[in-house]
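Taking the form predicted alone, here's one chain by itself in C-alpha cells.
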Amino acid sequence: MIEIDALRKNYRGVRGLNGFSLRMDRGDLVGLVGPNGAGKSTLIKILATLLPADSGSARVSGEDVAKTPAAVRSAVGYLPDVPGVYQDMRIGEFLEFFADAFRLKEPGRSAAVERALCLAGLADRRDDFVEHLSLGWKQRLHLAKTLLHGPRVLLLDEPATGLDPLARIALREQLRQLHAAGITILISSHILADLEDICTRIVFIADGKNVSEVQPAASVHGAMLHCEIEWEGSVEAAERFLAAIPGAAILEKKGNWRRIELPGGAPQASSLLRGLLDAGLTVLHFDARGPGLEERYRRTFGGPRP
C-alpha cells in the first residue's frame, strides 16, 4: 500500500531525508517516531505530494507520488500538524467547502458530508461556527474532513498535539475504528503511549534515516523483561538474591521496591519469584513485562533512564 525506497530530501544543504525506506501493507497502522528534525513531517509531505523528493521513490496505493500525484491524492487523506481552520464558517459549511475541494459530486456528495458530521459527532451542531469548538472538537472535525472523499490511506502528522486526555482517548478510538475498517494509517507523534496503544508497528527515524522498528503488541513476548517487585522482609536478603541473577540490572529502587531488567525473559522471571519466596520473603507485588516504547526510545535516541 505504501512503498518507500531510499528517499532523500535536502533543504539548502540541510538533510531532511537521507535514504529512508519503508514498506506498509494494506491495513497497517504504523507509528513514525523520532526527535524533532528527524524527517517525519518531510516524509509525510512527500507522500501527500506536497513536497518533491530529491531522489528515491515512493508509491501509495500503487501510484507513484512524483509521476501520478493526482491519483495519489484521490487515495490519500492528509492531516497536517497545524491544520487550517476557517473560523468564520459554520460546521456544515466547512465540510461543504472541502467536499467541493475534493470535487465530490451528487448523489454521493451530500451523503459524504452527513457521514463526516456523524463521524465527528457534530450532526446536531452543523449550524454552529467552527470558532466555537474546543481544540479537541476541531481536531475531530479535521479528521472527518480528511475522510470526506473515502481515502484508502491516512497520513497523520502529530494529530494529538495539544489535545486533553479525553480528546486523545476519543482520537485513539477513532483510529482503531478506521484501522478495523481496513484503512492504512501512517501516524507521526511524540506521544509514545498513544502509539503503543494502537499501532501494529513503530518505525524509529533519525537524521532522515531508518534507525529501527518494533512491534508494540508483540513486545511482551520478547526475551528482555522489566520486572517490578515489592516485598516484606529483609532488604539485604533480597538484594543478595538479585545480585546472583545472571545479567540482571537494577533500574530503580526505593525501600523494599525494585524495578529490574531480566535478559532471560519469562523463565528467569519465574525463577526470580520462586527464589524470593524460598528465601522467606513475602512478595506483595510482582509484575514482569517487556520494555515499553518509552524505554525503547531512550535506548535508541539516548536520554536519562527513569
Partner chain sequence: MNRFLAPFRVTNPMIRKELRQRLRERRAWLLPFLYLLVLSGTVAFCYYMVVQEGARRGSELQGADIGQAVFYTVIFTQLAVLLLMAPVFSAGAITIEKEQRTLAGLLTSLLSAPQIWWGKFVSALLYLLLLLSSALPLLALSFAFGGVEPVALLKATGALILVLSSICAVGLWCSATFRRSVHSTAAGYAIVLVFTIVTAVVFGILLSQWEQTRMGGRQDFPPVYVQAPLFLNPVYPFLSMLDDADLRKFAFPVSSNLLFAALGLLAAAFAMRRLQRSGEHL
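Positions refer to the first chain, counted from 1. If you're wondering where the values come from, they're calculated on a predicted model, not measured in any experiment.
There is also a form predicted in complex with the partner chain; it is not shown, and the following applies to it.
Contact with the partner chain in the predicted complex, defined as a heavy atom within 4.5 Å, is made by all three of Leu51, Met89 and Phe98. Of the candidate stretches 227 to 235, 158 to 166, 186 to 194, 76 to 84, only 76 to 84 contains residues with a heavy atom within 4.5 Å of the partner chain in the predicted complex.
The partner chain in the predicted complex comes within 4.5 Å of a heavy atom belonging to Ala70. Taking the partner from elsewhere, Lys145 is found to have a heavy atom lying within 4.5 Å of the partner chain in the predicted complex. Contact check for Phe286: no non-hydrogen atom falls within 4.5 Å of the partner chain in the predicted complex. With a 4.5 Å cutoff on heavy atoms, Glu93 counts as touching the partner chain in the predicted complex.
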